[in-house]
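Single chain ahead, by itself, as structure tokens, in the form predicted on its own.
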């Protein structure tokens, strides 16, 4: 396979760095980092770099631990508003918030809504001039457990949905791509990428839009798009939501991780080819994926999943493997990704 373009060619990029490469990046271009996400518990003492740094307690399955680093092609400006840390570069803004509220507490839904409202309030995103959410990540523990008779993921969806409705009304065109995964312990972590100009939100022809799910999946449908297309200076980036073995609105292949993986890949291919067709983009298929996070419910699935992905991905694709609880208890694997192509390269 030929090498896909790197997201570093865009005003905002993402890469997965080991500890040594991260130290080098901080030393040589620390003023061009928008944010870091570490999949580990926070160390006892952490120097404040100014930009957002999030620690997610989620076991990493890579032989060499990697850090998710969001980068800028120019010097960034950093700031805070309440509990939100953010950094921006004139084209994009990266923001993060962590809330210590326990998910089994009655206030979890309310605090989710408040966290989202703070995140995209006029004081953080819109006042800074980045009103368009492109991509959001959500991590919290006990995602499949019930509290007060309602699964925590469904309680989270209701809180998130309330915030979107209060801020944007019922406009589905404002729903960004997103992921929501269960951690081992810790806080509710929300981090997001926003921009000055809007992206194009994409749905999957093989799936019912999540915000149209029937009531059997909870009192409030999930408010996210399957992917967001953003064109940055001649580059096409597709930010693909957490994607799993769902066709229509139903989970497929219960108990079979490899079959679920193949169904997930078919869903990702459908997003790529549909976006290429409808938006006149240059995406061709899985070879355009440059960065992936693969969430596995059990670590024992890693060898089969990694072997299958090595068959279909570009050898230059970066992948972080994580052990995490997926939003539905019957789902064993979920993949999120960033695809990148040069405009007009088909």
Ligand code: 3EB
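Predicted, not measured: the structure shown is a model, and the values here were computed from it. Residue numbers count along the first chain shown, from 1.
One more form of this protein exists, namely the form predicted in complex with 3-(2-carboxyethyl)benzoic acid; it is left out here, but the text below deals with it.
Proximity to 3-(2-carboxyethyl)benzoic acid in the model of the complex holds for none of 36, 88 and 230, with the criterion being a heavy atom within 4.5 Å. With the partner omitted here, the stretch from 270-278, 78-86, 197-205, 217-225 that lies within 4.5 Å of 3-(2-carboxyethyl)benzoic acid by heavy atoms in the model of the complex is 217-225. Interface residue remark: residue 242 is counted as part of the site for 3-(2-carboxyethyl)benzoic acid in the model of the complex, having a heavy atom within 4.5 Å.
When 3-(2-carboxyethyl)benzoic acid is considered in the model of the complex, residue 168 lies well away from it, no heavy atom lying within 4.5 Å. Contact check for residue 118: every heavy atom lies farther than 4.5 Å from 3-(2-carboxyethyl)benzoic acid in the model of the complex. Proximity of residue 337 to 3-(2-carboxyethyl)benzoic acid in the model of the complex: non-hydrogen atoms within 4.5 Å are absent; the residue sits far from the partner. Taking 14, 324, 327, 332 one by one, only a single residue has any non-hydrogen atom within 4.5 Å of 3-(2-carboxyethyl)benzoic acid in the model of the complex, and it is 327. Checked against 3-(2-carboxyethyl)benzoic acid in the model of the complex, the candidates 138, 264, 152, 187 yield a single residue with a heavy atom inside 4.5 Å, and that residue is 138.
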